[in-house]
Every structure is written in C-alpha cells, then in structure tokens.
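One chain is shown next in structure tokens, namely the form predicted alone.
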Amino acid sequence: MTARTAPPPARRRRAGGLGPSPWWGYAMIAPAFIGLAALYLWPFLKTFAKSFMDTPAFGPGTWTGLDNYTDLLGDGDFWQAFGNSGIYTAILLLGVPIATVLAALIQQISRGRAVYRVLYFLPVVTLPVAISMVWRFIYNGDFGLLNWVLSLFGVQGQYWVADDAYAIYAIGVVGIWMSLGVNLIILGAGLQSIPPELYEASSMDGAGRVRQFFKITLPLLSPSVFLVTVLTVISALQMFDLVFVMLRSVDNTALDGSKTIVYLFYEKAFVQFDQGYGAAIAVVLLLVIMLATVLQFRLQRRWVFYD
C-alpha cells in the first residue's frame, strides 16, 4: 500500500488579490527613469541630431551630414581649446597627490581634525563666481596681492590672467585649490578604513612614517585615489566658469589663447548662434570624456589594490 503524498501548499496571494508581478519593480523605478530620460537622454539625442545640421539663430535647421565634424577637425581654435583643456586637466591631476599627502597629514592630527577639513572644504560650498573674482584680484598685474608678495622678495610679477603664456596655468592653480575639499573628504574616508593594527605592526618592525606611507597607506588607499582621479579628469574637461569670469573682459587678449573646449562650445552655440557646430563640440567632448574614463578603468588594474 503506497503512502499518499500531501498536496503542495496553496500559494498565498498578496493583500488585495495581487499576485507577484515584475511590473511593480518597473513602476518603482519609473519616476527616476522618466527624470533621467527627460533631463539627460532626450537632450543628448537632440544635441546629437543637431550636430549633423546647420542651425541658424532663428528657424529650422538644414541637414548637412558630417560637415560640422569635418569643419571641427580642421578648426585651429578647436585644437587649441582641446590642448588648453588637456593642460588644465594635467595641472588639476597634480592636486591628487597634494590632496593625498594632506589627507595623510590631517589623519595624524588627534585634535582639531574636523577644523582642517572644514577649512579645506569651504571653497566647495562657495560660489565659483565669487572665487573667480577674488582670485582675479589676487592675480591682478598692477595691484594684485600675489605680485605684492613677490615684490617683497625682489621678484618681478607678471600679468597672470592678461597674458596667454600664464593664464591657463594661473587658472589651474585655482582649480587645484577648489578641488582639495572634495578630494580630502574622499581620501579621508579611505584612510579611516585602513586598520590601525597594520601601522602598529610595522612600527614594531622599525618602519618609519615615510615607509608606512608608501608601503601601507598608498596601496590600501589606491581605490580612493583612483576614484578621485576619475572625478578630477571629468571635472577638468568640463571646466568653464573660471575662464568665463577670470579672463572674459573687453581688453583681455589672453582669452583667445586660453579657451577650453566648454568655453569654445559656449562661444559657438550662444554667442555666434551656430548651434549645430556647438552641438558637434559637445558630442566630441562627450566621446573624449568617455574614452578617458575607459582608459583609466583599464589602467587601474595595474596600480589599484582591492582587499
């Protein structure tokens, strides 16, 4: 006589008679997806389509194919702006090791650590326009604070933001100063995740502070350094406000030789009203940022250590 097997338990229905459905998941993410599509995806598609058109200031545009991109590749102003953005990015990357050293030094402070972090973070919460105006006064060639300090040591000052030989480098220094706050927060969080037992064990083995920094701190902090590097490159390639405020004036000839890619986009699209050409600049900039980010993710396998 065979034993009867009990029937499987009936599947409980959810409250309200609604069974399990994947549509509830889609409904939950729908608000975020609609916002991203309306504010990012649709403008990008419109910009991408406009980059293949000749768009006057008023009226519909006409399809021109790849003419905007062909003109862009042969435009000397574009390549100069591209080079200036590259110089500014390289200068801003110098702020990454500076922030790493400062974060390690602040981590060694037992009292007042939060005060230093707040002081370095103040430029982040300050309006970029206000910062640019203050630094423009500091860089003034006739009565600026920097030239006055240099004169105390017998050094002849320069017209830092009125000479295209110095303007992009002067702006790069301001960019480093503005980015220190966020970088210190990210790197400080990474330093707090390093077990203090490693430093205690290395001290017992006779390792000094410098050796601990290179053998323990840097390898374990490399994921945070990598994140800061990626964010720095993306932010540097999108720089616009410093050039606009510090260099844009009626008699400043340094602007012609210190334009960045984003400033060139602004000039073409909103000053000369050549929106199709400006859209092509925006698409190329997006591709450059994507390629730079992908390259960084490929190279991080060689120097980033994940525990």
Partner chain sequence: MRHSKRRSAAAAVAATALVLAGCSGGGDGDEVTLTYATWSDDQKPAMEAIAEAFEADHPDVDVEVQVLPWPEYWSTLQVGAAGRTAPDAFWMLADQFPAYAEGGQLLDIADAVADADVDLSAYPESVMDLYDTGDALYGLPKDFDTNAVWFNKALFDAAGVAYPDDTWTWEDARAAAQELTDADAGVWGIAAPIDRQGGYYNSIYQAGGQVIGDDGKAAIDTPEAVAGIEFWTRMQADGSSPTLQQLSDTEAVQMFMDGKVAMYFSGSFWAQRLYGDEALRPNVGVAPLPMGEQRASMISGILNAGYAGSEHPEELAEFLIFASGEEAARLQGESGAVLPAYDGTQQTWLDAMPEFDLQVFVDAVEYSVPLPIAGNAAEWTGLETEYLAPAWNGEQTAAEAAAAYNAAIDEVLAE
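Residue numbers count along the first chain shown, from 1. Bear in mind that the values here come from a model prediction, so they are computed numbers and not experimental data.
The form predicted together with the partner chain is left out here; the points below concern that form.
S.K.: Classify residue 229 as contacting or not contacting the partner chain in the model of the complex by the rule of any non-hydrogen atom within 4.5 angstroms, answering yes or no.
M.R.: It does not: once the partner chain is placed as it appears in the model of the complex, residue 229 has no heavy atom within 4.5 Å of it.
S.K.: Residue 68: heavy atom within 4.5 Å of the partner chain in the model of the complex?
M.R.: No - in the model of the complex, heavy atoms of residue 68 and the partner chain never come within 4.5 Å of each other.
S.K.: With the partner left out here, check for me: in the model of the complex, does some heavy atom of residue 52 sit within 4.5 Å of the partner chain?
M.R.: It does not: once the partner chain is placed as it appears in the model of the complex, residue 52 has no heavy atom within 4.5 Å of it.
S.K.: Contact between residue 214 and the partner chain in the model of the complex at 4.5 Å, heavy atoms?
M.R.: Judged by the heavy-atom cut-off of 4.5 Å, residue 214 is well away from the partner chain in the model of the complex.
S.K.: Select from the listed residues 124, 87, 218, 150 the one whose heavy atoms reach within 4.5 Å of the partner chain in the model of the complex.
M.R.: Exactly one listed residue reaches within 4.5 Å, namely 124.
S.K.: Select from 120-151 the residues with a non-hydrogen atom within 4.5 Å of the partner chain in the model of the complex and write them out in sequence order.
M.R.: Residues within 4.5 Å: 123, 124, 126, 128, 129, 131, 136, 139, 140, 141, 142, 143.
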